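Only one chain is included here, represented as structure tokens and corresponding to the form predicted alone.
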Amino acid sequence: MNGGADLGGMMGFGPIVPEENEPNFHADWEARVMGMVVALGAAGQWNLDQSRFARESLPPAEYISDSYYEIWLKAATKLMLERGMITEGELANGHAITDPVPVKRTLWSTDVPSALAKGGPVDRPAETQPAFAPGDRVHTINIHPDSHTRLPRYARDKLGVIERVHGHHVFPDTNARGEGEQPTWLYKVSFEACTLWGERAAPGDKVTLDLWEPYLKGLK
């Protein structure tokens, strides 16, 4: 969606200044939020793309001004409220009032190392052949969905070239809407920087994006 998370090419935010020797967490509560969000994800009440959409659908002013883990916490709270895992009253009082909602899975502390090592692979077996091959010229579609998409605004309705076929992966757009994984082919697509950013882009610079097949149309 065209929310606060899709800022590529936006002006007025100043330069990105990397923090030297940046720690994993700037405060203890951030580590607790990360642990809580990982445990909640393992409960199976939502999928990865639904959690991403919960973050990027926060009001843009909040998304831009909040810290990284504040966004995580707000999105997790939003998802728990939507699924009845907590109530507004419990949130206000800070303790449980109703019985816990049954969940699909529980992440026990002893299982954390193996669960994190395993991760959440999103590649799936393919029953079709990819529509494009390296070297093919493609044109991205122009969409403005009100839900999650991995096609950023600055790369819509642009010309690019297929560099690599990554494999067959869960399609984030449908998965975020709860319409199933609908796996499809994923490609590495390169764009001339001037195609995306205009004549002020440095000649010869390129931008590469990983894009799913439904985002692309072939060119003869």
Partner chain sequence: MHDHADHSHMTDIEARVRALETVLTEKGYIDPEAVDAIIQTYETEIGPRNGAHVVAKAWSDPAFRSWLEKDATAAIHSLGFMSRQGEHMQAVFNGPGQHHLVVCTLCSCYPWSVLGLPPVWYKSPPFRSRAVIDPGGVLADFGLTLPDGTAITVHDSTAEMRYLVIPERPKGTEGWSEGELAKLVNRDSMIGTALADAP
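Positions refer to the first chain, counted from 1. We call the rigid core the largest set of C-alpha positions that still match within 1.5 Å between the two forms. Everything numeric here is computed off the predicted structure, so don't read it as measured data.
The discussion below concerns the form predicted in complex with its partner chain, not included here.
J.: Is Trp185 close enough to touch its partner chain in the predicted complex, meaning at least one heavy atom pair within 4.5 Å?
T.: Trp185: no contact with its partner chain in the predicted complex.
J.: Taking heavy atoms only, is Lys158 within 4.5 angstroms of its partner chain in the predicted complex?
T.: Taking the distances in the predicted complex, the answer for Lys158 is no, it never comes within 4.5 Å of its partner chain.
J.: Under a 4.5 Å heavy atom criterion, is Gly178 part of the interface with its partner chain in the predicted complex?
T.: Answer no; every heavy atom of Gly178 is more than 4.5 Å from its partner chain in the predicted complex.
J.: Using a 4.5 Å heavy atom cut-off, state whether Phe132 contacts its partner chain in the predicted complex.
T.: Contact with its partner chain, no.
J.: Indicate whether the candidate residues Val33, Met36 and Asp205 are all in contact with its partner chain in the predicted complex, with contact defined as any heavy atom within 4.5 Å.
T.: Yes: Val33, Met36 and Asp205 each sit within 4.5 Å of its partner chain in the predicted complex.
J.: For Ala202, is the CA shift between this form and the one not shown at least 2 Å following rigid-core superposition?
T.: No; Ala202 is a residue whose C-alpha shifts by less than 2 Å between this form and the one not shown when the cores are overlaid.
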